[in-house]
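What follows is a single chain, given as structure tokens, in the form predicted on its own.
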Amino acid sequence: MKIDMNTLNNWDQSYSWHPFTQMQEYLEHGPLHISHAKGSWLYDLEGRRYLDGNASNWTNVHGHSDPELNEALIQQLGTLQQSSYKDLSHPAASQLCHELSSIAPPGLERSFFTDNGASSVEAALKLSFQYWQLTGHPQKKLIIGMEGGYHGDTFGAMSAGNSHFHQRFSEWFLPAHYFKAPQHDDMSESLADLDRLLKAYGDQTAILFLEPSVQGPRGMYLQPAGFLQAVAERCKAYNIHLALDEIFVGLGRLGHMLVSTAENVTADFLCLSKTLTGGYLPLAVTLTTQKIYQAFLGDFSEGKTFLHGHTFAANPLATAVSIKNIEKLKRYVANGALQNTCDYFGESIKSHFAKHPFVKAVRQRGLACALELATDNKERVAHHLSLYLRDKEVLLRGVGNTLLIVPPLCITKLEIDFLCQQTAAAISEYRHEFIIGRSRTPLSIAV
């Protein structure tokens, strides 16, 4: 049964509550219903198209409605749709475990499945805490995170980070300390701050959490070469678990399969989600080592069992589409096509925005970019621009005065050109019309 748009709008405005959304603002400019998608494009109920410059919340890899991923999903749909992963297994999960071990750094061989990124972080935290209990180090209870870190919105994940999104809930965090983030080309002050924390709390610390290479949700803040290796060496010296959150940067986003593999760092825990299923279904995994896994083995009466799990962990549909996603990604990386796309994207970003009069800073690595806008305006310019860009057939996410550009990995050169041209034009129009002063009409009303 086809439902008319007015009815859908009424239902959405009457009953929904959208994440990370001020609903009063949302109700003012009305819903945008996405009805279907193909490749890098989304389409609304009226047939208007939008370039998916947000990769559908940073998840889309090979494009919407990819024929190979569709076929993998359809095949699995015909045999097994859901089965508990508690005391049971199924072929797709076993194959995915093997595939993950093949792309992970040497030593990360065990996969613990959950269904979203924050949950994979929670699993790593609990595994670390229980490991230290089981191995005679019950005093190791502290978390170390990095300034501006974002690992999800559950309480353990919030505690592992230090994001401004979560300050309201900080009095309920687990015990944690945070060290300064490095500058793009300088890690000395960051490492000195970490050394200070390790000297003071190293014997009490269970785990250090880090988003390697790029802190995405913070605003694409970049880390210098060698920083990850330096942090890993310190964790090893102080007998602290290193957990790498590659939920955003992993599986192709920066031009390679994994940051940790590219930088030859084997962490104790590696968290993956977002692009794991190519943007099709919820799935996450926490990879860990045989050493940690073996500490949990024993008779049930010994109390070593990891009593933690999710109903849809290792869902057959999600694991089947993940296998095909990784298979395609391996080809995309090996033949150089992904790196070529990243290079072209970087060149286009630089040519359109490096000297733009309304862009204060450009942070870009791989297919991840942040444009920090040059304005004293406190009314979230980037958010208004993201609304304005809809009329230019582009969907982006604006946070404060920073516009985030994170396209699907499959984006073509022509689509990159379109994305950059439309975004640059929108920024110029905003600056001309609403900053210089020719109009004071809020863009949210104009949309």
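Each residue number is its position in the shown sequence, starting from 1. This is a predicted model, so every value here is computed, not measured.
Although not depicted, the form predicted together with a small molecule is the subject of the following passage.
- The closest non-hydrogen atom of residue 202 lies beyond 4.5 Å of the small molecule in the model of the complex.
- The shortest heavy atom separation between residue 211 and the small molecule in the model of the complex is within 4.5 Å.
- When the small molecule is considered in the model of the complex, residue 152 lines it closely, a heavy atom lying within 4.5 Å.
- Using a 4.5 angstroms limit between non-hydrogen atoms, residue 117 touches the small molecule in the model of the complex.
- When you look in the model of the complex, the only residue of 247, 243, 96, 367 with a non-hydrogen atom within 4.5 Å of the small molecule is 247.
- A heavy atom within 4.5 Å of the small molecule in the model of the complex is found for exactly one of 346, 316, 217, 255: 217.
- Partner proximity in the model of the complex, defined as non-hydrogen atoms within 4.5 angstroms of the small molecule, places exactly one of 136-144, 222-230, 117-125, 73-81 at the interface: 117-125.
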